[in-house]
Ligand code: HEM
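As a starting point, one isolated chain is supplied in structure tokens, in the form predicted on its own.
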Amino acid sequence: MFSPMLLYALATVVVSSIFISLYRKKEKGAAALPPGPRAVPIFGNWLQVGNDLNHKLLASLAQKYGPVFLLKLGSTNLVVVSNPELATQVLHTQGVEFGSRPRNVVFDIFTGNGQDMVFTVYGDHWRKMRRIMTLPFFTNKVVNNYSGMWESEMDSVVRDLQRNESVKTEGIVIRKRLQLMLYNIMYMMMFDAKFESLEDPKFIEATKFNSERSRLAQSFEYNYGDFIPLLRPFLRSYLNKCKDLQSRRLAFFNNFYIEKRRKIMSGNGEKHRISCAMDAIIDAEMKGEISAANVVYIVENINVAAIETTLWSMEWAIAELVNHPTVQSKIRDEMTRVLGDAPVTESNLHLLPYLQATIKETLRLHTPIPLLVPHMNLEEAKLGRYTIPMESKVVVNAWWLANNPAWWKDADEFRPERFLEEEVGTEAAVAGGKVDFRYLPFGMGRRSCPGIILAMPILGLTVAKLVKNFQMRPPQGLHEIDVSEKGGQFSLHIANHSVVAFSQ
């Protein structure tokens, strides 16, 4: 039996759906909404498309309904953009109109209702948070200051693999060791602190917290509460799990790291010296620019956006190199030819175009956030010849832009050569003011990911050091490793963490 509360909620949604349907019919006579499958009362298109609104499903719908189409998911409008011209409008030309973020019941918990930078609404708070995060993390000066530390952490990975005889044949799940490397890189930049080893209790706790956060946030289980807000009371148990996790997680960041930097800063009085990113962020708080909560949520963003997404791309790159030994050989030959016996460093990465092409190809084929972070228009807007209702969730299918065979030769192949041949001018970042909107692994425009300035050299250096020192192969008895994908609300990561053999 349905509870009275659920029956009331469903009845209310039915009435709302009828009015929405009438509104849509009326709109077609004036300014047409984007095409899409016919919606049914209450559920809209939810029963047709299911919970798993992944990039490949949306690409198949784009082939049927066109480069911009509309899905009704309960009471939510989802507008999907699938060609470069319209992506340009959403991300650049009309970047202000589509510059906000849609609300999400789970991400509201994990971002303190938008007290972070990534998911906050477009406006003064976002501009202030972006500026405060950019200066200590995402500038060329920061890269120059920290690249030596990055290289040292990567060399430590190489030494660990060289000392481990079993990795030559049995292999190792390389993700865990790379995870420690990335956490050390970002925690040194953020807090001037690092983890001692994989067994460090704080490392175990940090990764456990972030892994559970990712699982809960990326799941499709809570979609019905987003699609039909009146059903949110039935999410109470799920949301309580999220609240409990976030409370413990933020307390971990605050108690072990942020407060330590606060004490150092306050101990030095007005003469405090900025020696890591957190010092700069606390300094902004001391000046009244941001709140103590904002400080914690910046740490939340960095733990997910800067660490986990880079780790996913590393896993993809290594898996593809294992399955394409000729690409490994070409990278190794290029380093020998160009650098000789000199080590690869951040400062000479630009001399290695084939290595750079390999990183770009990894990000093309396995776009880490395939639909980018969703956008929203606060007011009714025009997109192409269509009207986009106010507060629509707008996603750009960046994976399809980069994998559509109409725009890319041999789109489903891992072929770095494309970026040295037919796609020689295509870059992940803005190159001389020119943007190729078929290729947006970090987004573009106002809400693009500023972490590109760290991610590209860290990915390039890691791959280069592993290829220079090892032949990466499948473990004994296998011909290749599994590159099946697993997606979430935003992410695209490898389904099974790769076991890789490293022989010298």
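Note that the structure is a prediction, hence the values are computed from the model and not measured. We number the residues from 1 along the sequence you see.
There is another form of this protein, the form predicted in complex with the named molecule, and it is not shown here; the text below is about that form.
The partner is absent here; in the model of the complex, the one residue of 401, 117, 278, 322 having a heavy atom within 4.5 Å of the named molecule is 117.
Only one of 419, 126, 227, 408 lies close to the named molecule in the model of the complex, with a heavy atom inside 4.5 Å, and it is 126. Heavy atoms within 4.5 Å of the named molecule in the model of the complex are found in one stretch of 326-334, 308-316, 67-75, 140-148, which is 308-316.
Residue contact with the named molecule in the model of the complex: residue 375 places a heavy atom within 4.5 Å of it. Contact check for residue 451: a non-hydrogen atom falls within 4.5 Å of the named molecule in the model of the complex.
Shown alone here, residue 442 lies within 4.5 Å of the named molecule in the model of the complex, counting heavy atoms only. In the model of the complex, residue 168 stays away from the named molecule, with no heavy atom inside 4.5 Å. If you take 61-93 and check each residue for a heavy atom within 4.5 Å of the named molecule in the model of the complex, you get just 91.
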